[in-house]
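Take a look at this one chain, the form predicted alone, written out in structure tokens.
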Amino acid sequence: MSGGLGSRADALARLRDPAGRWDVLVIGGGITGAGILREAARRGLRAALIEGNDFASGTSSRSSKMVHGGLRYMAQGAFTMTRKAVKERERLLREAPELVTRMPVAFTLRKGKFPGRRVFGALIGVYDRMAGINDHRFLSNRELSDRNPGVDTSQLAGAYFYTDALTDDARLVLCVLEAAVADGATAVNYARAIEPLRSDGRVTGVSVAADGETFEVAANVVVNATGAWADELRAGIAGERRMRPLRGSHLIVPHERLPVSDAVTFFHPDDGRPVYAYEWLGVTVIGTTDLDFEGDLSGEPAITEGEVEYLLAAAANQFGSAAIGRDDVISTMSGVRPVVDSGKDKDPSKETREEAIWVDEGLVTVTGGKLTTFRPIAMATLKAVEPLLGLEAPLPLDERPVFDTPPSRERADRAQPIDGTPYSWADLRAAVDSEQVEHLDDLLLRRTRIGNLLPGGGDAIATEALQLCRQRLGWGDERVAAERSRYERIVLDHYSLPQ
């Protein structure tokens, strides 16, 4: 791992300094904002980022964890987006091999159904050529079963094996932020943008609320990288709302109950939408749904009863002998995708995942896009920002590796492993010391994924985790009790089956 995010108190002091003015102020601490901060700071710009909640607390800790080209988008004709994404996938596999890992995929082919072996083989051949690799082959039903015990092959005509990639999305965000901070950027969580500041018809900063105070932050350019929440900041200036928030939900079950070796991909029996089951951090994830999100964007999303039934039905259809049921579910995960509304009443799964960039009176809004393509999205955003900076010389927009040094989770002290997880107490101590942990959920749901991997959000280790925060963050009895209550409510309401 890199050197961390620095002191939050120091970062807040720099942000509050009325004598300072930022070249670029990024609003939004997900992967898009982190990528923009990274690319701005390394080019010598005075850059800061604020996030109203915790870093990666929105879409960027609740995605499907896949760094992929979007094979189904290519099937819909989005070849340019797919080509860009697979090239970025290969870049990240090279630059961050411990953070982004090759993921085997088995795409099942149903007897007499589209696509057949020949069509899918041609499609995946193009997909691999775009990435500059050749890593696909046909699997017989026997090979598919050997690799993925419990898969029902009675209606299958084999499967196609190919590879994409997998990551811990929240950890990816943190590593990109840490790289930006190492290059001189400032990043602060739990600092909420209230409204834009304007002068002579142009946005010149934002008012910010943090730690019970409100103050103004001046910037030459403000970048709205709040994803699904982009309309909240932009609508008052642009006079329009363009986002179509879509919810995607997942079930997490013990890997021994569904011991897949591949990301087994299959079509849901009810609506024909692709669903998958894959191993992640020692558990099996079943996902995803794709529905219009009609809840309150100011709160956290949660899986619905209908989504639970939908995903269990998918598992029953493809893994009937496993008999996966509600009692097997360790946790759930639900996120809101930042999709730009086409205005054509499309099926949610057919809306474009391309990014959009708008400039309104000096406010640069970037939204949409995919986790995989955060770097080119950041570069496109910098191109939109450059004319607004008033620079004497052009901004160098050459391509550079995302990470100067590959991120790593290896630590010298791994003597206290936490059962059922890939984490040690050394990981938790390092996160508390250097990654702006403000709440217990920051530590157990994003700095680590213990809350996703252990029953009850990891309640068996919550007391010890709270003691760690007491010792290293100075939490007293009242704070410890409040954090426990807060965490239990978050887990119950947003990471568990519906009550």
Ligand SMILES: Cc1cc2nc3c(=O)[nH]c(=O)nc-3n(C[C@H](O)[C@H](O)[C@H](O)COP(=O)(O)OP(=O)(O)OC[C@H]3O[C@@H](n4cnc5c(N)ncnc54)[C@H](O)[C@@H]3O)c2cc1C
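Since this is a predicted model, take the numbers as computed values, not measurements. Note that residue numbering follows the sequence shown and begins at 1.
Form predicted together with this ligand: not shown, discussed below.
Of the heavy atoms in S434, none are within 4.5 Å of this ligand in the model of the complex. Although the partner is absent from this view, T365 stays clear of this ligand in the model of the complex, with no non-hydrogen atom inside 4.5 angstroms. In the model of the complex, no heavy atom of A40 sits within 4.5 Å of this ligand. Interface membership of R447, defined by any non-hydrogen atom within 4.5 Å of this ligand in the model of the complex, is ruled out. Checking 423-431, 367-375, 91-99, 322-330 against this ligand in the model of the complex, the stretch whose residues place heavy atoms within 4.5 Å of it is 367-375. Interface residue among Q318, T186, T284, T288 relative to this ligand in the model of the complex, by the heavy atom within 4.5 Å criterion: T288. Comment: this ligand is not present in this chain, but in the model of the complex one of L251, A263, L258, A191 has a heavy atom within 4.5 Å of it, namely A191.
Contact annotation for the candidate site: P104, T108 and N141 all lie away from this ligand in the model of the complex (no heavy atom within 4.5 Å). Contacts to this ligand in the model of the complex (heavy atom within 4.5 Å) from stretch 252-272: none.
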